[in-house]
Structure formats: C-alpha cells, structure tokens
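Listed next as structure tokens is one chain, alone, in the form predicted on its own.
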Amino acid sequence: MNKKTLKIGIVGLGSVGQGVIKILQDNSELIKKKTNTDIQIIGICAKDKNKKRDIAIHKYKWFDNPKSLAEDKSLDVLIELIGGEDGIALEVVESAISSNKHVITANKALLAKHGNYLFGLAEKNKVTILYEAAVAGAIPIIKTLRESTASNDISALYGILNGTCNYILTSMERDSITFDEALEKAKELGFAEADPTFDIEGYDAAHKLSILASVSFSQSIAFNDISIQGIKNISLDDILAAKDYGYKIKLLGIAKKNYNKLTQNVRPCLVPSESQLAKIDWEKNAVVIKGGFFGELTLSGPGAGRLPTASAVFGDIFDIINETNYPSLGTPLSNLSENISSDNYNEKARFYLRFLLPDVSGTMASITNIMAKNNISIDDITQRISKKMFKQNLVPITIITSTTDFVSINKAVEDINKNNYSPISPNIIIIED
C-alpha cells in the first residue's frame, strides 16, 4: 500500500503547539507505521518568531500572517492553538474552512461562542472541525460520546472539567491551606495562569460543558444558558466542615435532561468522600456519563498539560487520515434541536450552608425556627470554632439540610440575615449524593 501524505499547519506555539511538534519529532516512525501516512508540517505561525522555546522550529517554514498559512494551497489541515473566543483565532479558523481545509482546535472558548456558526460553515464547505483537545485533555470524551455511546439516550453528564480548580481544592484539603495560598502554589507549579479568572470563576469549565452537552443531548451549543459559580468563595473552613460531614468539595460541570428540558450548571458541590469523583484529585479531570443501556460510565485522566493535550490533537489527526466521518457534534446539524433550558429554582437537593453570625444568645434557636417556617428540615447544625472569627465576635455555623429547593433555601437565608446580621454572605453549596 502506498504511503499517504498529510500536510498540516500549526498556528500558536504555546505549550500545546510545542507538544504537537515534539510528538511528531519523537514518534514520527511509529505514527507512519500506524497510519501509513507521512505527516508533514508545511508551516508554523505564532506571535514571536524569536521567542525561546523548548523545541527546535528552524526547519519549519515560518508564516508571519496566520491567515496566509490557513489559506495556503498545499495545506490539508490547520491546527489552531491560539486560544480566545474572538479575534485572530476566529478569523484563522474561518479562513481555513472557507479555503476548504480541515480544522483541529483545542479552543473551547471559540467553540462555546461560535461553534454553531463554525460547524455550519464547515458542513457547507465539506470539511471537518475536530476538537478532542478542547475538552478534558487526554481523556477521549468527545470520541466516546460521538461514537461509543451514540446508541444510548443520555440522561446526564457531569464531572470535574477544570484541572486548576481541582488542584486548588485538593491542595486546600491535603495541606490545610487557604484558597489564596493554594492558588499561589498552583501558579508556581504551572497549573494556574497568571490571571486565573476564567478558571476559578468557572468559565473554562462552562465552555467545556456547553460542548459536551451539545454532543450528549443532540442540541445546539448553548453556553449562555449555563448557570456558573466558581470556587473563589470556598474557604478552608468549608473544606474542613465538608470533611467532617464525610464529603469533599469539587467544582463540577453538570448537564441533566428532564422532560426534554436541559439544565446546565457549573458549581462547587459536596460529593461523598468515597465516591469516584471525590477520588479524582490534583489536576486530574473526570467525566461521568449516564446512558440507557450501559448505566454509568466514568472516564478520568490528565485534563490538561502539554503532551496529554497534544496527544488528543493527534487523535483528531488520525481521524482525518482514516476519513472518519462522524458528524462534528455527534448528530447532523439539521437534526440538532434548540436547547430548551430549565432553571434551577425547582431543583430538589440537600444543601450545605455556612453562616458567620454574631456570638449572641438565641442565634441557633432563631436559625432553626426560620428553617422550619420555610419547610426546611435540618439534618445537622454545628457551631464551629474559629480563632480568627472569634476575634470578630462571629461564630461559624454550618448546616446540612434535608431535601429542599433553591427557592426555599434562598428565602430562609434572606430571613436569617434579617434576624441575625451577618457581615459576610453565607456559603450555599449543593450536595450531590
């Protein structure tokens, strides 16, 4: 059998871009043997040609203009690793598709915002957009949803989708340090960006969830329908209290279908300490899929990093070589339904609450009375010791409720704050049993 040739261009030479080149340099013979294809890098492009990098790039043709590379007539596949939801990343992908080039991207923000448009443009131009590297690093979650579980009616998908947040929460628990201390540690080790806002406020996980929900439930990408809450308000007191109750705190992305309505949430949750998700620590990711025929399936592994993510890029390259012809979102675009979203107000769950209230007589009795008036049963209420808060004459009080809903919880919290002034907003964390 004659060997094929696939000509690729890489735009963006950050961590993942360098990882793609390194894998090709180190494993070219293995890749040729497995694919019967000679993969050639016909051009590269980044902001700074002379920037010091971990790999040699001098033997590759340099393009100052990324759109020129995207439109090059010899190119078969453009690999976009710039990042960002707009700007040059969008322009380059549009140019490549319009020039009838396949696109591989790790850019979840771009797909979350413009995916519906870009997938439509690719279908019109009879090319493919592949994006395994955009979600959960080396975990083959897109391929699993699009192929292996395609015959199932998915009822729920949830998991740990952001390695930065998982590292911070694990570090707080294992080392008994504050959120700020854990964040600085994550930055030092390269698990958090200099500006970690997108990670710690939940937007990165929400970008990924919007893509996963689209593939899982055959609906258009609907990032704007996701309720997003990050982890910056999680304190060491919350971590320790959760541990006392037999839980860990994890930032989860959750998509559930009920009566053809979809709820999508990114939020910190208490999960049982003995559960699979509780055991996913540090920068690792995990995704749980619930399907009609297989029950429950969990995939876990490195959710980020140079070589794990670059490995996912090569999975997409192999699909192009093998002419794997699955719809980009798992379902033909014409068969995707518009997302019918459902709010969270009637969602039934147990809740963890932490208040900081004045250390005065009758506080506990006031809380229990207010909960009862709002038809909320209390499974546990504990007054905790905090030297820091003691100096401010404040008492940390944690509560575990029986099953109730957000409306009742929010009303009870409002009433408690009226009757027992708290200078700090209470933490409300849902319990995912």
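Numbering starts at 1 and runs along the sequence shown. Remember, predicted model here, so these are calculated numbers, not experimental data.
Just so it is clear, the following notes concern the form predicted together with another copy of the chain, a form of the same protein that is not shown.
A heavy atom within 4.5 Å of another copy of the chain in the predicted complex is found for exactly one of 364, 378, 31, 42: 31.
When you look in the predicted complex, the only residue of 341, 152, 95, 125 with a non-hydrogen atom within 4.5 Å of another copy of the chain is 152.
Another copy of the chain in the predicted complex comes within 4.5 Å of no heavy atom belonging to residue 68.
A residue is said to contact a partner when one of its heavy atoms sits within 4.5 Å of a partner heavy atom; residue 36 meets this definition for another copy of the chain in the predicted complex. In the predicted complex, another copy of the chain lies farther than 4.5 Å from every heavy atom of residue 220.
Another copy of the chain in the predicted complex comes within 4.5 Å of a heavy atom belonging to residue 337. Between 176-184, 190-198, 140-148, 161-169, the stretch whose residues reach within 4.5 angstroms of another copy of the chain in the predicted complex through a non-hydrogen atom is 140-148. The three residues 26, 319 and 323 all sit with a heavy atom within 4.5 Å of another copy of the chain in the predicted complex. Contact annotation for 90-119: no residue has a non-hydrogen atom within 4.5 angstroms of another copy of the chain in the predicted complex.
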